[in-house]
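Just the one chain here, laid out as structure tokens, in the form predicted alone.
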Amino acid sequence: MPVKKPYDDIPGTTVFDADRSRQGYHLNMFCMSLMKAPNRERFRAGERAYLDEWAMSEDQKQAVLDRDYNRMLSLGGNIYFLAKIFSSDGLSFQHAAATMTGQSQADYAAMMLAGGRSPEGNRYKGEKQGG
């Protein structure tokens, strides 16, 4: 059972630490493979077949197929490695971040230009709402 860490209580935040690095090693190495055009072409031609060449968990493979970036993060993905996936799909970092927050790209951009999310209710999961 994983050791509880003090930063596990931050809502909407997945800290990439040594444990997550070990968990996501093969997922992140798959992502790095997408830096090479021939690998991107092979991935696009048969995503599942290409993923099956990697020693990832079935959950990790499914998260990639679903383009569920939040799930990939929870399974050890590092956002800078995952960027290779959405870049291979022709998407911007802003687009991916918007999908991760459940917002449209325009709403996400407006929120960030307005200063980002309020810290109220976002400091830790046990924080009481409204005071």
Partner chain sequence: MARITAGVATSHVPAIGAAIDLGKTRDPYWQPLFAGYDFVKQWIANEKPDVVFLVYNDHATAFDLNFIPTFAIGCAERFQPADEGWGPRPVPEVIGHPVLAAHIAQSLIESDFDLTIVNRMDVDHGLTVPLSLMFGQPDAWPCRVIPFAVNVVQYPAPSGKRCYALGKALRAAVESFDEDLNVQVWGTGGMSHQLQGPRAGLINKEFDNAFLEKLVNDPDSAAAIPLVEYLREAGSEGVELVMWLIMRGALDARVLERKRFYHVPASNTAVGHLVLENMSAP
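The term rigid core refers to the most C-alpha atoms you can superpose between the two forms while keeping them within 1.5 Å. Since the model is a prediction, treat every value here as computed from it, not as a measurement. Residue numbers count along the first chain shown, from 1.
Another form exists, predicted together with the partner chain; not displayed. Remarks below refer to it.
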Listed residue (62, 70, 39, 104) with a non-hydrogen atom within 4.5 angstroms of the partner chain in the model of the complex: 70
Contact test in the model of the complex: residue 57 vs the partner chain, heavy atoms, 4.5 Å: no
Contact test in the model of the complex: residue 81 vs the partner chain, heavy atoms, 4.5 Å: yes
Sequence-ordered list of residues in 78-113 near the partner chain in the model of the complex, where near means a heavy atom within 4.5 Å: 78, 79, 80, 81, 84, 87, 93, 94, 97, 100, 101, 108, 111, 112, 113
After fitting the core, residue 12 CA displacement of 2 Å or more between this form and the one not shown: no
